[in-house]
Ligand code: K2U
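Next up: just one chain, as structure tokens, the form predicted alone.
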């Protein structure tokens, strides 16, 4: 079982590296890694388990966050009465909106212990191509909060952390046309 001690923190150089694509079909080891990542998210969202093991709640996790430099990410959360639960291999954003969006309360990250205040501007809508845990191709569209979560996780695969997107001179600057997500 993964715990917070397994999560690589943002002061580690490895989080800034670009992740390697995963060979297909996925190996048993790749599938096991994806399952461990999903188990962590499920445990982190269960109040009793989270308290017992001192887990911070998460809605997404990328392989670099557990010390694996591969293009793997898992998300699991409910939003607008829909469950978003995906184990993704080699995810790539293939198109996005011009419109931007941001979380009103800012973003957080399992790998970041410090608070970074400010808006993280992201695309309001994205289309992703990826492979599922069986190596089957996927084409997924996301908007609003789910789009933000997926962009955050894909950033990890490219060595980018959420606070890299915050405007250093004016952290709460956002274009009027950007959509605030609560």
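The model shown is predicted, which means the values in this text are computed figures rather than measured ones. Numbering follows the first chain given and starts at 1.
A second form of this protein, the form predicted in complex with this ligand, is not displayed here; the remarks below concern that form.
The three marked residues, 58, 65 and 145, each reach this ligand in the predicted complex, with a heavy atom inside 4.5 Å. Residues of just one listed stretch (29 to 37, 123 to 131, 136 to 144, 153 to 161) have heavy atoms within 4.5 Å of this ligand in the predicted complex: 153 to 161.
Mapping the unseen interface onto this chain, residue 103 counts among the residues with a heavy atom inside 4.5 Å of this ligand in the predicted complex.
Contact check for residue 109: a non-hydrogen atom falls within 4.5 Å of this ligand in the predicted complex.
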